[in-house]
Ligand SMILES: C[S@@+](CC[C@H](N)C(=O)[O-])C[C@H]1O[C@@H](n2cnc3c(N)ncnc32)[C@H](O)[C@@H]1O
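Presented below, as structure tokens, is a lone chain in the form predicted alone.
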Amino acid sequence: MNYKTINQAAWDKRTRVHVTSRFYDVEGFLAGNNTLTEIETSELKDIAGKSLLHLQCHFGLDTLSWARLGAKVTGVDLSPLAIEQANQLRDKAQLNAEFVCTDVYDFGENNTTQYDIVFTSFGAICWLPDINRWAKTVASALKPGGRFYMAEFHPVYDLVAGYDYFHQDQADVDEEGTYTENCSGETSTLMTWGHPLSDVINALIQAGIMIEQLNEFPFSPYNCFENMEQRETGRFYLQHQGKDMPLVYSIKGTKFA
């Protein structure tokens, strides 16, 4: 099974659903809303005028939100339909952005530009089989002294949901619908891999990223798992055996000069 072909088809299908969902709220974005969460905006600052590469950008809402904050943005995604939608949103919002339709690894092999910031977030790295190759892509795309930032769902959730915590070479293959409220019941085949925190951190260090910060959060900014409880606006919690689960982690680092 070719995971790129399978996942690209799934994300093409998901994009058609996501652009009309309340979850993504494209109309709100076009009216001026910023789609970035409190986690990213509180931890990744001083981006105005900086070149920012967003890996696995989906159809570009977060990428364009960074552009609204003054960054010079480039978004990369596997799905041609997602990139088409991103370009349309860029034009409608009258923002400056470049979008590239390619796989992360292929981008890493062919990219010759270096950026001030590389960014990725929420539900991205599980689609990649080789976390070390991903980290090398991050490092090669950064200028010396450039910043890396990621916010991602915590892998402990995968364990509680019945998946391996530690990485397995063989992909998990599932038939699933999407996570937005307007999912019609249509499903897609998906291929994913787990990456424990230790693998992610070690891969970045080995690629030349100096880790400066690791944070874990007991909430998600998205109501995207079953049985979540919103205790504060924009903060959704999930308990396991009566205890709050870690749902998100973030990593901040700098490429060695």
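Residue numbers run from 1 along the displayed sequence. Predicted model, so just to flag it, every value in this text is computed and none were measured.
From this point on, the text means the form predicted in complex with the named molecule, which you will not see here.
Asks: Only one of Gln85, Ser121, Thr137, Thr74 comes within 4.5 Å of the named molecule in the predicted complex by heavy atoms, so just point that one out.
Replies: Comparing distances to the named molecule in the predicted complex, the residue within 4.5 Å is Ser121.
Asks: Test of understanding: in the predicted complex, would Gln56 fall inside 4.5 Å of the named molecule by heavy atoms?
Replies: Yes - in the predicted complex, heavy atoms of Gln56 and the named molecule come within 4.5 Å of each other.
Asks: So in the predicted complex, does Tyr24 come within 4.5 Å of the named molecule, heavy atom to heavy atom?
Replies: Yes, contact at 4.5 Å.
Asks: Does Tyr149 make contact with the named molecule in the predicted complex, using a 4.5 Å heavy atom cut-off?
Replies: Close contact is absent here: in the predicted complex, Tyr149 is far from the named molecule, nothing within 4.5 Å, heavy atoms only.
Asks: Test of understanding: in the predicted complex, would Tyr163 fall inside 4.5 Å of the named molecule by heavy atoms?
Replies: Tyr163: no, not in contact with the named molecule in the predicted complex.
Asks: Work out which of the listed stretches, 85-93, 99-107, 166-174, 139-147, brings a heavy atom within 4.5 angstroms of the named molecule in the predicted complex.
Replies: Among the listed stretches, the partner-contacting one is 99-107.
Asks: At 4.5 Å, heavy atom to heavy atom, what parts of 68-85 sit next to the named molecule in the predicted complex? List them in sequence order, or say none.
Replies: The stretch 68-85, when checked against the named molecule in the predicted complex, contributes Asp77, Leu78, Ser79 at the 4.5 Å heavy-atom cut-off.
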